[in-house]
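Read the single chain below, which is given as structure tokens and is the form predicted alone.
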């Protein structure tokens, strides 16, 4: 009997499995598909070898601290979404598209080198393969006196497994529709599960690989929007790999889809309307998530619209059956959606399991023992992160406020990763307040003493000796006013981080 059974091998389940493994907790991971990753799905182009994303494509480091933490933790390489060039708008069928400039259209979105599947591959490589059970579809969960019984359909056979606790890391509606719970779940929980749509479940996507990124050669970004009533491709973007390798375009498809036999030709026709006849020589990959059995429910197919505010119902994040049943997945996270929500849910469940098993530290101050050395390690890497930000800014032809922009991005990145790491340290869930909460916050923040000025000094010393920065006099030898602006930005970032740490440590 395992301590914990994790049902669902998507990003939430995989990240949780890795964290439990590092905590020395006995677990098994069950997945209905024959692969791991859930809604993260990649394909490899035969034409040009490109890694193609048929599921999630982007993450936003400035707004997604858990993703930032895991990308750094796993040592993954990333690069900005290509938005340089004109954007096309096709408002009338079979008419010439309009063009406009829209720099930064994707709001600082980043992509992983090797596709988002690289995240799944990196986690999978760190998880004990002997604990993974593929092709196991959960059909029922029964509560017993001190454990749960799990019933699976596995390659035509019915299998029963036992565990002290179970995490059902499936889309909420899917779990409600396909899994029998005994005793039945509370009516208010059932209502929350049914009213929470599956994030990006009602979606179909196409990625088309080419021998060359001809749209870039013609000054187009690859971004296009099609708004007429006959649109099949509603949105298109550049899906090339890092530094333009592996030419590809990606797009969202309007639902419902036409007959599968007609679909490729219709996609080709619309791409030709946008980019010309060069689109015909290609390799096409289509993924219809709306009809993917282990992603979407009948309710999702009937009610396909999803708004972020429909996710994160607090009832989905509670603990049931005396701590033996927990729910996971991006739909259960506050401000859910994206891969960030899945990772936030994994962090929350880890803390709940540690507390339920008595493994959470009884004294919250002890939970900071690992934090200071971890922060010290991140501080040692901060200047390299600044150099990386500077390289990206220069390659994107940024010329204004280079030092200010890159320093702010660097400190925000470290603060976000630090908050995400702090949330994985197994703090007791009882809120701490008053004098104790303030003291705990000060203890956590002490690891950052002098960080902003230290990094600023390193950046200024680098700028003074950099040939590239010598082309920008205000950056090469910044004046007092500019330095004051930089310091003000860094102070604001620090204050926001300090408040976030205090809120976490005092509110649980």
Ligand SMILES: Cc1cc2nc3c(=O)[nH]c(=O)nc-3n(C[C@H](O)[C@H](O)[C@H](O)COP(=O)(O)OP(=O)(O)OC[C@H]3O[C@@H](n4cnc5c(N)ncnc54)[C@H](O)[C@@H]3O)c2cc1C
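None of these values were measured; they are calculated from a predicted model. Positions refer to the first chain, counted from 1.
Omitted here: the form predicted in complex with the named molecule. The next part is about that form.
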Could you confirm whether residue 383 comes within 4.5 Å of the named molecule in the predicted complex, counting heavy atoms only?
-> no
Proximity of residue 330 to the named molecule in the predicted complex, heavy atoms at 4.5 Å = yes
State yes or no: in the predicted complex, is some non-hydrogen atom of residue 137 no more than 4.5 angstroms from a non-hydrogen atom of the named molecule?
-> yes
Exercise: residue 85 in contact with the named molecule in the predicted complex, heavy atom 4.5 Å | no
Interface residue in the predicted complex among 205, 220, 404, 315, criterion: non-hydrogen atom within 4.5 angstroms of the named molecule | 205
Exactly one of 344, 224, 112, 170 comes within 4.5 Å of the named molecule in the predicted complex through a heavy atom, and that residue is 170
Is it true that 79, 213 and 246 each have at least one non-hydrogen atom within 4.5 Å of the named molecule in the predicted complex?
-> no
Counting only heavy atoms and a 4.5 Å cutoff, which of 331-339, 386-394, 373-381, 227-235 contacts the named molecule in the predicted complex?
-> 331-339
Applying a 4.5 angstroms cut-off on non-hydrogen atoms, the residues of 18-46 near the named molecule in the predicted complex are 30, 31, 32, 33, 37, 38, 39, 40
